[in-house]
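What follows is one chain in structure tokens, specifically the form predicted on its own.
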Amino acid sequence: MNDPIVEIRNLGHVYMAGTPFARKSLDAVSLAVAEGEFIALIGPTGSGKSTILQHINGIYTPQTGSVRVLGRDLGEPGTDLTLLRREVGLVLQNPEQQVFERYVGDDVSFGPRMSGMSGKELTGRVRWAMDQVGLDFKTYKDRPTFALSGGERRKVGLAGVVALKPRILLLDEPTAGLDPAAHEELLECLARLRLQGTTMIMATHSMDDVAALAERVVVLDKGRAMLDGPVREIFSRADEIRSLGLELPVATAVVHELFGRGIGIRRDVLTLTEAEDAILVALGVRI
């Protein structure tokens, strides 16, 4: 790995520390992320996925351990977190709740405007950000945000973060609750951003989204990092994944079920196309 742009060492975090309601969220988690990587954080609810993202964005500072992002020690007093958040964008679990301006164009432009951008440069940045998430500039720029569908509001929330052109994009359950069409459109948007070299860290319960987008998976349980490796390798460890109460991508689950029934078939598949090819090979059909 090249020098990491995110480096977490032995990070620990306790919610409501010092009270009868204290709950350990992270327990000595270590994680390094190279520029341009797309990493998925998976694990049961409460395993610490969102807490890691919020540390990388500087919402939380380390209670124990350390977090370095883009060369900045986030536990160091005086670290400029405002500047950090221009380079590290966080898309919340319900990004449509980040939409607060009356019109779409005003909402998407908010971050760049607060950074001092104006005039043609600002208009160009807004147009670019809306293009990235699949919102036509002319069609949507003057549309009231309250009149948008849920999927459109989510795109506007994402565009507002993308408009800052962050080097690192943090995504907390970005596709949760979307209808199939909006889900597919958002996956295409994230794939475009990935091709442009944006570093992404995504917390999700959708294993099919992980299979479609990520190159590396970190599996969390009870605040600890249990597994860390390439997507294909991690999902091939079906028994370990299931022992943590997690599902496999649909295609992966299918071939593991066939293998369990005595069919000699490769198990390191991620997509339905790969599963189809593996089944044909197992049946002796040339492809």
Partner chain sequence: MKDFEFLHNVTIGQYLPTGSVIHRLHPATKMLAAGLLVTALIISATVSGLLLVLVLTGVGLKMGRIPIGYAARGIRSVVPIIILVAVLQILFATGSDSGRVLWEGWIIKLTPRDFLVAGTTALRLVVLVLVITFFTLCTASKELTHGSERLLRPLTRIGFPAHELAMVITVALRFLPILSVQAEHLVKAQASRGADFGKGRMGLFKRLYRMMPLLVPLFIASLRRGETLVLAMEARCYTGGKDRTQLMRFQAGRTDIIAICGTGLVVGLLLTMHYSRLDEIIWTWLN
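Positions refer to the first chain, counted from 1. What you see is a predicted model, and the numbers here were worked out from it, not measured in a lab.
Omitted from view is the form predicted in complex with its partner chain, to which the following refers.
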### Query
Of the listed stretches (232-240, 55-63, 26-34, 215-223), which one has a non-hydrogen atom within 4.5 Å of its partner chain in the model of the complex?
55-63
### Message
Is it the case that Asp209, even though its partner is missing from this view, gets within 4.5 Å of its partner chain in the model of the complex, heavy atoms only?
### Response
no
### Task
Could you confirm whether Arg153 comes within 4.5 Å of its partner chain in the model of the complex, counting heavy atoms only?
yes
### Task
Verify the contact flag for Val99: yes if a non-hydrogen atom of it lies within 4.5 Å of a non-hydrogen atom of its partner chain in the model of the complex, no if not.
yes
### Message
Under a 4.5 Å heavy atom criterion, is Val161 part of the interface with its partner chain in the model of the complex?
### Response
yes
### Query
Has each of Phe21, Arg85 and Asp107 got a heavy atom lying within 4.5 angstroms of its partner chain in the model of the complex?
yes
### Task
Have a look at Leu186, Leu122, Leu193, Leu90 for me and say which one sits with a heavy atom within 4.5 Å of its partner chain in the model of the complex.
Leu90
